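Given as structure tokens, the chain that follows is alone and in the form predicted alone.
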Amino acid sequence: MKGLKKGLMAVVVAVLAFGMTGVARSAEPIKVGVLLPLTGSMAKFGEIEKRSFEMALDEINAKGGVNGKKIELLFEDDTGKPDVGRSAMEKLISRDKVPVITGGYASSVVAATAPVAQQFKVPFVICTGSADDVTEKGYDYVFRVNPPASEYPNAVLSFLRTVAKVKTAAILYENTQFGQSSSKAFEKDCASVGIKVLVKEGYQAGAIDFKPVLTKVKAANPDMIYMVSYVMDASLLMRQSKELRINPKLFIGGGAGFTLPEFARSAGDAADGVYSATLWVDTLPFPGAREYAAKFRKKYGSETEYHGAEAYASMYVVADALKRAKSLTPKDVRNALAATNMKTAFGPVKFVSYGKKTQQNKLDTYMVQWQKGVLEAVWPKSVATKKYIYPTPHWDKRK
């Protein structure tokens, strides 16, 4: 009898222990990998995106997380380098066993890491890396929230057709996948609207003297200068354009560095009047857009822009898929992502196929202009916060 009681007690203890372990396991957070450049030349972008991911995470977890479970973000610093990014992606998959990965800033890093996600069949939700061919390889575990690079200038083209109607252009671009993809697409866009490209020059990132190439541009005297550059190169290009008194009818940035507050601070008054393609402004009628921008401003004492909005929205897209997934296996999370159809602060998100692209979100783009230190939406008119200033005043006639 005593032996029976001891046996029953052992069973009870074991059941309780198992139950407590089960509860502990069920309380464990869902780990999500995030790949970003947190150090190196692209760290400014990584910082704004990391802060935006964390803001979204706090909001999601405060509202119950994923079906009662909290999400934990595992950030990996890719330093903006493809080989580092590849190793970080392999670590998140093999060692950390995450069911989904998001982030992905530089196109070169995304191009190196997307095949890894596909090989191991772990979904990768790209928030920024925009080289067109990333979603043209038929990968079924790779998704992209932001538009591809070739679509960034869509609003710019509308402006050129409707307002500027320039005849000639110079295209300057960083020799990266993003720069090459963007410049190649914009050259075709120019041909489609009858603009002759007089100069097309690539350059090495981090150059300290753009005057040789800018002198060539000045000699060509184009109506428009289109630049695809990250923030420090963008700032230096504009400062040296001012020094050389290059006076096109308009300077346009192809997104990237031209929309960051850091650009205006670094370029100083040389930033004034510069246009840029952009994917988002906080005045757009998207749910939570203004609130996100206001919260970011209050929390960090600085402005956000489209890169931050991409990250913020991507966190919500991942959380939404995790909530709807049949299980937290990568396969089921992938299937849930494929069925995504939601509204975010960055705009609607639905992964579709068109042209050569698969699992690509398709969105409108916009045009902004720096006016007296403020980045204003100027095109299309329906979203404008200020009227565009065109043509750009000559340097010698500015107040």
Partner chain sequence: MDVFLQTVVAGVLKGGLYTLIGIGMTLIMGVMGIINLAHGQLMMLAMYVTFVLNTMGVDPYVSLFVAMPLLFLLGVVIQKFLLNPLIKVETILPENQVLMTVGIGMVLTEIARFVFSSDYKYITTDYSNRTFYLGKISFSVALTIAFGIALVFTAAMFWFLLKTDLGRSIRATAQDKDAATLMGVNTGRITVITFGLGSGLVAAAGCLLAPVYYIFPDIGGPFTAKAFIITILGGLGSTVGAIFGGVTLGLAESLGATYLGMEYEDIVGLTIFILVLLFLPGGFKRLTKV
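Numbering follows the first chain given and starts at 1. These figures come from a predicted structure and were not determined experimentally.
We do not show the form predicted together with the partner chain, though everything after this point is about it.
- Using a 4.5 Å heavy atom cutoff, none of 59, 295 and 350 lies near the partner chain in the predicted complex.
- Not displayed here, the partner chain is approached by residue 211 to within 4.5 Å at the level of heavy atoms in the predicted complex.
- Put simply, residue 362 is far from the partner chain in the predicted complex: not one heavy atom of it is within 4.5 Å.
- Using a 4.5 angstroms limit between non-hydrogen atoms, residue 189 is distant from the partner chain in the predicted complex.
- For residue 239, a non-hydrogen atom is located within 4.5 Å of the partner chain in the predicted complex, even though that partner is not displayed.
- Only one of the listed residues (160, 252, 267, 281) places a non-hydrogen atom within 4.5 angstroms of the partner chain in the predicted complex, and that residue is 267.
- Contact with the partner chain in the predicted complex, defined as a heavy atom within 4.5 Å, holds for exactly one of 358, 371, 340, 41, namely 41.
- Shown alone, this chain has one stretch from 240-248, 221-229, 319-327, 303-311 that lies within 4.5 Å of the partner chain in the predicted complex by heavy atoms: 240-248.
- Along 194-219, a non-hydrogen atom within 4.5 Å of the partner chain in the predicted complex is carried by 201, 202, 203, 204, 206, 207, 208, 209, 210, 211, 212, 213, 215, 216, 219, in order along the sequence.
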